[in-house]
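Next comes just one chain, in structure tokens: the form predicted on its own.
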């Protein structure tokens, strides 16, 4: 029994290390390979190196590396939360894991319906990846959600899902939907279709980036104000940015913590609503029933 307990705790410790190691690696990479900016720097993600390709070279940026680190962190967290779960044995960790799953399932069922119950893992992954990416600013790392390429890729995947479910009744039905409710609105419907992933990407990107920019501008302003008001202090005291202590931390509760989690929730909600509203459920089931009837008649 003691041997099993020690083995369980050892695996737990290994999973915690696996969960925290990517974040530590991100901090080390930031220190070693990202040169410190002089003054106010909002230039975006640093480019580590470039891979030459036939059509266009592919830069490997800070946002790409941090995205992989976030995915490794989320994977380690999931492994830790599910380690040791057994039927009939309730632990605090199991209660928390079940609460997360139940809330995600309820969110999907309330907004998408029973037919889309299988979307829970996708929505949970979107929430975790988006929220954790935005919260990297708490560690001084570049948040991938403030890179339009990253969020644009997510929006493009959602757009593919929307198109897939719109075409469940066939390409002809999909094309006819652009002429609803009247054919004169076809150009507007086409523009609306294209604008969906664009609006999703720019909404998420703009809100996260604005928080980063405002925090950076505020930090630079407080540094200059400290020098103006307290620069007369003798010795090294005149170089300490006293006004940067406390004020940015309070604003960080909104821009980094609340706003980051809120934008993750909004992106997940838009994903659910766009996919569910794109699916012509009644037409799909009518079409399927008609196919079943024709198959039965053909077999008789």
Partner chain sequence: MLELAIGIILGCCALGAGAAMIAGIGPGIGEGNAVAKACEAIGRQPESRGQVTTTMLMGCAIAETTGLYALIIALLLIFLAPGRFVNILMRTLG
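Numbering follows the first chain given and starts at 1. In this text the structure is predicted, and so the values were computed from the model without any measurement.
There is also a form predicted in complex with its partner chain; it is not shown, and the following applies to it.
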In the model of the complex, residue 199 touching its partner chain (heavy atom, 4.5 Å): yes
Residue contact check: residue 112 to its partner chain in the model of the complex, 4.5 Å heavy atom: no
Its partner chain contact at residue 53 in the model of the complex, heavy atom, 4.5 Å: no
Residue 273: touches its partner chain in the model of the complex, heavy atom cutoff 4.5 angstroms: yes
Sole residue of 142, 205, 159, 116 within 4.5 Å of its partner chain in the model of the complex, by heavy atom: 205
The unique member of 186, 210, 216, 163 whose heavy atoms fall within 4.5 Å of its partner chain in the model of the complex: 210
Heavy atom within 4.5 Å of its partner chain in the model of the complex - qualifying residues of 265 to 287: 265, 266, 269, 270, 273
